[in-house]
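This document starts with one chain, in the form predicted on its own, laid out as structure tokens.
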């Protein structure tokens, strides 16, 4: 993975007592730290890419723990999210954060770790009879900043002890060194977003290579962690079948599929607004040339017959190597589920309950 180091760390006054502040100072001894009273006024201006050059440490004033928003009219997998940071040091051309965080693009990590744990604890204790599959990668990469912030090291021991939780750390990095001396107790999944190296080179800027991701996955699997793979977004281009089949062969030659908690599949999806941003920031991207149609949730996707064909091929290749691994579709309609698998979950609760057995 390409090394990232912020030009400056801007700290909201009051965050100096946070363990994240201490971790940042220890890991970034040559970087300037600046304490400010108003983090909002210090955000400055600039485009989405330049916003990633500085790192902000501030108290999060909203909710940490919430239901994944999903997508209207699509099958939801009953996922919950915890946001401990905002934005990502990587710069994928298709990243939806370019639109979602357009007005608040600062690369920010939150200092009030105790509040995060307290909020999660209150919810988990109140609903001990429910199973929670929780991810940390909704508006950031779960591990890309870990070498500096140590955030996962602060929260993982708590979640690993919860009887009704499976925590997923989703990443395109290979930043796993800080996980290897922790005990996940069988309740932590490290999930990788996966694509062939051709796609990584063209559109996943600043991320770990395919081989680096797989080597990192092998290391954490040997360290007692469960694995997840998200082949998402799948990109259609001439010869995609050869590249994706080879990627799957390499994947299953590297890791033990029997310790996979799940695999998800999803095609490229964007919005008209995101498409405009992509044209401005990545005018040569191959993703701007494929045909897409507007779906009921307002997102652009490939034509349904093409999506079904891509999913069916991927499922077949995966099943050849990992016959019983759990596979699900991300943000797809029941009609597509039916055509790919021969069934569709009747509701998000039905699909969500299936995950309760995935990691145990």
Partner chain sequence: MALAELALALKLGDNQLRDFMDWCEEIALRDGVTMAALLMGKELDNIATDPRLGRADRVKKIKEWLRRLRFPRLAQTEDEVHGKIRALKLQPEIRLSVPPGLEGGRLEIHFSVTNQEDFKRLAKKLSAAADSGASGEIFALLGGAASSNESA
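Residue numbers count along the first chain shown, from 1. Here the structure is a predicted model, which means the values were calculated and not measured.
One more form of this protein should be noted, the form predicted in complex with its partner chain, which is absent from this view; the next part is about it.
At least one heavy atom of residue 312 is located within 4.5 Å of its partner chain in the predicted bound form.
In the predicted bound form, its partner chain stays beyond 4.5 Å of every heavy atom belonging to residue 258.
The closest heavy atom approach of residue 63 to its partner chain in the predicted bound form falls outside 4.5 Å. Within this chain, residue 164 is remote from the site of its partner chain in the predicted bound form, having no heavy atom within 4.5 Å. Heavy atoms within 4.5 Å of its partner chain in the predicted bound form are found in one stretch of 331 to 339, 32 to 40, 48 to 56, 314 to 322, which is 331 to 339. Between its partner chain and the residues 104, 211, 285, 123, the one pair within 4.5 Å by heavy atoms in the predicted bound form involves 285. Contacts between stretch 255 to 293 and its partner chain, counted in the predicted bound form as any heavy atom lying within 4.5 Å, involve 275, 276, 279, 283, 284, 285, 286, 288, 289, 290, 291, 292, 293, listed in sequence order.
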